[in-house]
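Next up is one chain by itself, shown in structure tokens, the form predicted alone.
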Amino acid sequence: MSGVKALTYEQFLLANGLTVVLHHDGTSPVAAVMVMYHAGSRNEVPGRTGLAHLFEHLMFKGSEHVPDGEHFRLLQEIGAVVNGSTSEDRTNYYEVVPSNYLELALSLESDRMGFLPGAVDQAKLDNQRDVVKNERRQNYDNVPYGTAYETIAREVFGPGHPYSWPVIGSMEDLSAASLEDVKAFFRKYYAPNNACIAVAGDFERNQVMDWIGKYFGPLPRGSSLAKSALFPAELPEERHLVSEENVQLPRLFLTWPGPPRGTRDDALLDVLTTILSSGKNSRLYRPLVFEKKIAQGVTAYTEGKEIAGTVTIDVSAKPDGDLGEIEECLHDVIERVFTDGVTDREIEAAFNGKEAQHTGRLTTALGIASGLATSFTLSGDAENFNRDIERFRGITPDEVLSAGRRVFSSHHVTLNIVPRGKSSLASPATTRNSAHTGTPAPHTAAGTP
């Protein structure tokens, strides 16, 4: 297994609590600015979901010193790449600019960090609320399988868990959001001491520090926020769901509670799910797609987030495919994995793929800025960007199997999505998850989302 050279960077803390991370690379005359706030959909409360993502939209609608439309105009005129995104755990905003326009990017980000609420009025809120509602319709409600992950999250995490609602929020909550709700969210979370700014690329260090001090230094510190605590999902029983929808192909999702991001178990399960479904000769793809010819495709993956995670197997069936037959095959394959084991060669192949992904992030200024800001925001330590690939070193077959047993012996959610009028294609409720562990069969619940 080869090694990846550690990324060098500097880290500073301003008096107002803003963390600054700098990585210099003069290879290309561009620089990336990534501003990340430790606020996402999990910081919302039931009845007011979707605020974090809604606010992401409002952040592009002008601040007190930058009129609506100017932010994009100024950056597009210089050929900048501009965007933002919201997840359960953080919201980010970034610009990739020619390095001689780095000051412009910094000044724009500071103005909306410090001077946005005064520019947000009811008209802007109503406008962006409608934009987000349309986004939900187009990307979730009116597309095949669009609400599958929303259904799964609700079932896996349960009522009240901050990962149990979708990042985009519900239509009802978006409608209910008031101007004061939005401004209160900003005041609580969009403060320097709840943010990190990472700059990567071609710049002169002292000049950048002067600009950051000039534009961000005067912004006031916000209220102190409690450190995030782990909140793992706990499924007291099996959940078996069938949903008839406007789809052409039946689709089966099996999801188990998993570990949070950045942990050794997260890495072990990443390796195991890669062995299960990565490539046409993988443990699941070969029998489902090539041999039995009952599936169009299969993917297995672990999704570790800051306070909890999940492990999912997702299979698209052939037209009129029997999801019960597919589920039976899935469980048979998992049982054989624990009976026959995994090989060092499979682990090395999985590691090489993870190493290639990590190396790819190091090839662009934006990838580096994003990696440093994300690692600091979600773990409190930017150095974890360098350590990320280290989690995968020295993994043994026994470790992989032990981590897999811990997950696959627990209760899970089974979601069957079938064409309307074809509920007979759904899998029956089963207790096969415990067959390879010798544990008692769990209670099985059935329902519809």
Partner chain sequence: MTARSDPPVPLDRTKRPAALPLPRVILPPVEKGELSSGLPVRLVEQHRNAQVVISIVLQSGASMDPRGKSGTASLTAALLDAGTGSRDALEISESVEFIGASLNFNAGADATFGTLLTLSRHLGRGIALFADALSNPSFPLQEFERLRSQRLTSLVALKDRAASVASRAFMRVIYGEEHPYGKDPSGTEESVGGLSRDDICGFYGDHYIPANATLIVVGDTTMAEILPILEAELGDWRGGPGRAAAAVSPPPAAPASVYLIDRPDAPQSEIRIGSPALARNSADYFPATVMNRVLGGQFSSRINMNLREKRGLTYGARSSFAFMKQAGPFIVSGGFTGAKTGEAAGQLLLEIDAMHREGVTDEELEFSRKGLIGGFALSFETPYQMAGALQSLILYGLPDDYYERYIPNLASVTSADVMRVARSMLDGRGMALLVVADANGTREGLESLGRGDVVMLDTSGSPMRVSV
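Computed from a predicted model, the values in this text were never measured in an experiment. Numbering follows the first chain given and starts at 1.
If you look for the form predicted together with the partner chain, you will not find it shown, but the lines that follow are about it.
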Quiz item: Can you say which of 191-199, 350-358, 375-383, 257-265 gets within 4.5 Å of the partner chain in the predicted complex, counting heavy atoms only?
Solution: 350-358
Quiz prompt | Contact of Ala15 with the partner chain in the predicted complex (heavy atom, 4.5 Å) | solution = yes
Quiz item: Is Arg187 one of the residues lying within 4.5 Å of the partner chain in the predicted complex, judged by heavy atom distances?
Solution: no
Practice problem: Report whether the minimum heavy atom distance between Pro98 and the partner chain in the predicted complex is within 4.5 Å. | Solution: yes
Quiz item: Would Asp210 show up as a contact with the partner chain in the predicted complex if we use heavy atoms at 4.5 Å?
Solution: yes
Self-check item: Contact assignment for the partner chain in the predicted complex, among Gly118, Gly341, Pro232, Pro144, heavy atom within 4.5 Å
Solution: Pro144
Quiz item: Using a 4.5 Å cut on heavy atoms, which of Thr151, Ser228, Thr364, Ser170 is close to the partner chain in the predicted complex?
Solution: Thr364
Quiz item: Using a 4.5 Å cut-off on heavy atoms, what residues in 70-97 are near the partner chain in the predicted complex?
Solution: Glu70, Phe72, Arg73, Leu74, Gln76, Glu77, Ile78, Gly79, Ala80, Val81, Val96, Val97
